[in-house]
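We begin with a single chain expressed as structure tokens, specifically the form predicted alone.
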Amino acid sequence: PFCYPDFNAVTCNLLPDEAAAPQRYDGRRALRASLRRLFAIGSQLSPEVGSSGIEMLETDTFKLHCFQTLTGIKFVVLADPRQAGIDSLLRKIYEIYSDFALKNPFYSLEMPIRCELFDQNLKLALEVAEKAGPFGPGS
């Protein structure tokens, strides 16, 4: 698993290793721009008034899960379609973000997260989710 903690989104990938090779920085920027467009289109096309966009996008090969905070920060996880517990993982990532980024006096919202404790706790949360494997409790 790997994560892209960038600007207004934290994107995590729980796909199998062959699909999870870390992208170069330009790939991250392209992914972030694509996600922004996708969420903007999703919120415009939603039949719900005031929709904030996509919560989950499912394909044959992956599921994209998104949790958006009240302040507009998006947490995105790409996972195997059979992976369970993603909602819990998203809440845990938000908790880690709140504890180690937002409470850090040296962190500002438009900057990448550079905090070793954030990285360590995020990595641990991803490892726990990955070990739970497919078909675990609560997806």
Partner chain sequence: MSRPPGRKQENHKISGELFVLTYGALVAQLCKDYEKDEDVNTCLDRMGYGIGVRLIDDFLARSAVKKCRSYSETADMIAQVAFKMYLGVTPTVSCSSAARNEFSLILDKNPLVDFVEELPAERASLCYCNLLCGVIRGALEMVHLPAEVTFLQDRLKGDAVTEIGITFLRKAEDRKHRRNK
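Model, not experiment: these values are computed from the prediction. Positions refer to the first chain, counted from 1. Whichever C-alpha set is largest while still superposing within 1.5 Å between the two forms counts as the rigid core.
A second form of this protein, the form predicted together with its partner chain, is not displayed here; the remarks below concern that form.
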All of Phe62, Pro81 and Ser88 with a heavy atom within 4.5 Å of its partner chain in the predicted complex
no
Is Gly72 a contact residue for its partner chain in the predicted complex, using a 4.5 Å heavy atom cut-off?
yes
Taking its partner chain as it sits in the predicted complex, is Leu102 in contact with it (heavy atom to heavy atom, 4.5 Å or less)?
yes
Does Ser98 reach its partner chain in the predicted complex if we count a contact as any heavy atom within 4.5 Å?
yes
Heavy atom to heavy atom, is Ser34 within 4.5 Å of its partner chain in the predicted complex?
no
Quick check on this chain: which one of Leu109, Ala30, Leu45, Met56 has a heavy atom within 4.5 Å of its partner chain in the predicted complex?
Leu109
Just give me the residues of 108-126, first to last, that have a heavy atom within 4.5 Å of its partner chain in the predicted complex.
Ser108, Leu109, Glu110, Leu117, Gln120, Asn121, Leu124
Does Glu58 move its CA by 2 angstroms or more between this form and the one not shown when the core is aligned?
no
If the two forms are fitted on the core, does Glu95 show a Cα displacement reaching 2 angstroms between this form and the one not shown?
no
